[in-house]
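The chain below stands alone, shown as structure tokens; this is the form predicted on its own.
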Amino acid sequence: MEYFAPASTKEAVKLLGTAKGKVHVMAGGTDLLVRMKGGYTEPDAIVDIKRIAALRKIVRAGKGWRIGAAVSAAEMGEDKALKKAWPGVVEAANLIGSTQVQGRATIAGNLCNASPAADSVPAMAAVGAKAVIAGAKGTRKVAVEKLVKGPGKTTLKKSEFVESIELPEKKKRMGDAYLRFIPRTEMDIAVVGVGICLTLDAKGKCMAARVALGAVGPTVIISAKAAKALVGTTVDDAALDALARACAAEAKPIDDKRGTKEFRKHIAGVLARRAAIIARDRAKENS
């Protein structure tokens, strides 16, 4: 196996395009190294992007944010301005693994691992985050929910890798939240995860909403029906009940040892209701 540590995006793209055999990009390595140790994958080459200085930074991008692909979840949690702007996204990142894992794990890696149960993906999708992809033909941007096409599969081409995640501008009276259910109290993967972002008008009525469901389908589900249940309301009990029903109806989970279909559909509604309340209250505070 060959190991490469490029110092620039251009060098990384070149290596990805010319390396032979099965090539993996490594940011934090918290998924890749586990799969290698378990015998699930055996790369012919690893391209480690942590030494690319630009990818180790959190910067303002216009009125939004750009989070480098090698920025750890712990570093996100330590950035007070980012946490204030998008607390739901940061909280989701800080649910990935243990404290030690969060010192290495990245949301770009969490996205590209393409697990249906990834915590950061529903949270990012709810706020309209985009993945910035570098490749031989330059850079392109894609909505995070469109990068993954199935468990363990992405739309990335041979020479491409995600170099950063862009979060949009946080406007007045916007709020986001992410909640998940796990069998244990910590360090487990989501049985269900729900990310919600909503915008209120000056009178407290919901003007816009995005609802993203995780771990209840092969990829994250953006529920237009659930969002519609909130828009035009004050996010009161009737709207929350309608939201819960819509999420339960749109969830497409499987039965496994961690939960039945019926249980997961029910929990999707419960978590959506709770997340919407948190997002609503944060939106009111952000006036």
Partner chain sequence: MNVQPDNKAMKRDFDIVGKRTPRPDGIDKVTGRARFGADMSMPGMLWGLVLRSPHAHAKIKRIDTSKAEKLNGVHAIVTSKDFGPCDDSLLDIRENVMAREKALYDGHAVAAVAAVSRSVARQALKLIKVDYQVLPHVTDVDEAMKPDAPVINDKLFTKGLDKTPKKPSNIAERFEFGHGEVEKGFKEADLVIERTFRTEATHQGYIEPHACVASMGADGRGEMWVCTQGHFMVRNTCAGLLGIDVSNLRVTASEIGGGFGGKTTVFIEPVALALSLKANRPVKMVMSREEVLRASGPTSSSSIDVKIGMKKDGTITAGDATLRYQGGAFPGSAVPYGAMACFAPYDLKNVRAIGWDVIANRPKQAAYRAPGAPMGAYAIESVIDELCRELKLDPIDVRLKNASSDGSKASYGPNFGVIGLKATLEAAKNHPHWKAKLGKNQGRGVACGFWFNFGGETSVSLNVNVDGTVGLSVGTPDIGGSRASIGNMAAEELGIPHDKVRCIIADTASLGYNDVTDGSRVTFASGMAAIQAARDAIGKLCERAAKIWGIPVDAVVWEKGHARPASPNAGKHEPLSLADIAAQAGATGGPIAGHCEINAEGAGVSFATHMVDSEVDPETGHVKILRYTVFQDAGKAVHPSYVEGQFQGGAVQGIGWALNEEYIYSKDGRLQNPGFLDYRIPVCSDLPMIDTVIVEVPNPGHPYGVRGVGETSIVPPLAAISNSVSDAAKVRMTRLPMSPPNVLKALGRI
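Treat the numbers as computed from the prediction; the structure is a model and nothing was measured. Positions refer to the first chain, counted from 1.
There is another form of this protein, the form predicted together with its partner chain, and it is not shown here; the text below is about that form.
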item	value
In the predicted bound form, the one of Glu169, Asp201, Asp188, Glu78 near its partner chain [non-hydrogen atom within 4.5 angstroms]	Asp188
One residue of Val132, Met174, Leu95, Ile182 in contact with its partner chain, assessed in the predicted bound form (non-hydrogen atom, 4.5 angstroms)	Ile182
Its partner chain in the predicted bound form: contacting segment from 64-72, 229-237, 216-224, 34-42, heavy atom within 4.5 Å	34-42
Interface membership of Lys50, its partner chain in the predicted bound form, 4.5 Å heavy atom rule	no
Heavy atom of Ala12 within 4.5 Å of its partner chain in the predicted bound form	no
4.5 angstroms heavy atom contact with its partner chain in the predicted bound form for Lys22	no
Heavy atom of Ile267 within 4.5 Å of its partner chain in the predicted bound form	yes
Members of 1-35 lying within 4.5 angstroms of its partner chain, judged by heavy atom, in the predicted bound form	none
